[in-house]
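Only one chain is included here, represented as structure tokens and corresponding to the form predicted alone.
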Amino acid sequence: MFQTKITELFGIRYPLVVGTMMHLAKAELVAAASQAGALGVLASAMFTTQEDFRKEIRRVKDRTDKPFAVNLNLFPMARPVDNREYLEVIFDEGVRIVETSGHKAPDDLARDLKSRGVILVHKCVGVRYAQKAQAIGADAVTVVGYENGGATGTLDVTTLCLVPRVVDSVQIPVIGGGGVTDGRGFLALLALGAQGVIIGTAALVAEECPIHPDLKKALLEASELDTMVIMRTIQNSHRVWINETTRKVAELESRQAGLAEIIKVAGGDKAKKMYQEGDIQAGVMSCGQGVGLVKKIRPMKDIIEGIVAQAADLRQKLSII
């Protein structure tokens, strides 16, 4: 069912990727996604030491024998990371799939990854970036439209337009996303030519997602109107759920505040307070417009299998039209 170049490349059951989420894509969520037949992606940047990172990779392995990936973050961060330190652990632990994402292509990492036989996927938001990824040897590229939660870039191209443009512009498999939360969106992305589909917002309310119940409840009550793009003035555009902190960041940007002042309000420590303590106004949280379709807390397995089952049923109905 839904076998594509991506299922073949990654060795997974369904052409589904559960996207990287800073502070959330830990072993429990990653392993649950992979065990259910999708590809879970572990976020490396939240670990400050090689040893902590190694322990988390091993925690994923303890929970599933299915393929999973590690994300290497190329975005600007308050605490800069040296991805080569993560590479050492990735190679030692035999991780065979790496996703990179950020404002640039991973030129300096691609050669090492490819020389070790690691599958490289680069995540970006435009045709020229996808072509660059292909040129440096990426095995696949992930592109997400303006509806996407998290990094949106500055091109503001919607998923419906972006995915087929990239499919027509590269020869490597394309994973598409942005606003996909159910089987309808999943099937639509495959119809646009994507060989795989990435989801994120739908996973925020998975039972295995480590955020406070009060925050999950707020997301279940949100609509497609309850997100906005912030941090564009510091060249780090992100779509996030609207709360008091989001509005504060927007107000700071209207006054041309600098990076330091904005990060002071929207830093990762504030997000962790939201996730762990349930103070839903404390920080900012990446969230896509598809949040309006997310209405139930379920195990990751049920989310993934529900998407695939709905898509299969819809494909069957469409085949008789």
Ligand SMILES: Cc1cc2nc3c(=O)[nH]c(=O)nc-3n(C[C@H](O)[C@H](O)[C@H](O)COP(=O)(O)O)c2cc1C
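For every residue, the number given is its place in the sequence shown, counted from 1. In this text the structure is predicted, and so the values were computed from the model without any measurement.
Form predicted in complex with the named molecule: not shown, discussed below.
key: Non-hydrogen atom within 4.5 angstroms of the named molecule in the predicted complex for each of P15, A69 and D139   = Heavy-atom distance to the named molecule in the predicted complex: none of the three under 4.5 Å.
query = Can you pick the stretch from 28 to 36, 285 to 293, 58 to 66, 256 to 264 whose heavy atoms fall within 4.5 Å of the named molecule in the predicted complex?
reply = Selected stretch: 285 to 293.
message = So the named molecule isn't shown here. In the predicted complex, which residue out of L189, V166, I199, V121 has a non-hydrogen atom within 4.5 Å of it?
response = By the 4.5 Å criterion, the partner-contacting residue is I199.
query = Taking heavy atoms only, is M21 within 4.5 angstroms of the named molecule in the predicted complex?
reply = M21: yes, in contact with the named molecule in the predicted complex.
Non-hydrogen atom contact P173 with the named molecule in the predicted complex at 4.5 angstroms = Output for P173 is no: heavy atoms all beyond 4.5 Å of the named molecule.
ask   = Using 4.5 Å between non-hydrogen atoms, is S101 touching the named molecule in the predicted complex?
value = Flag for S101 set to yes.
ask   = Would V180 show up as a contact with the named molecule in the predicted complex if we use heavy atoms at 4.5 Å?
value = V180 belongs to the contact set for the named molecule.
ask   = Listed by sequence position, which residues of 129 to 148 have a non-hydrogen atom within 4.5 angstroms of the named molecule in the predicted complex?
value = The stretch touches the partner through V144, E147, N148.
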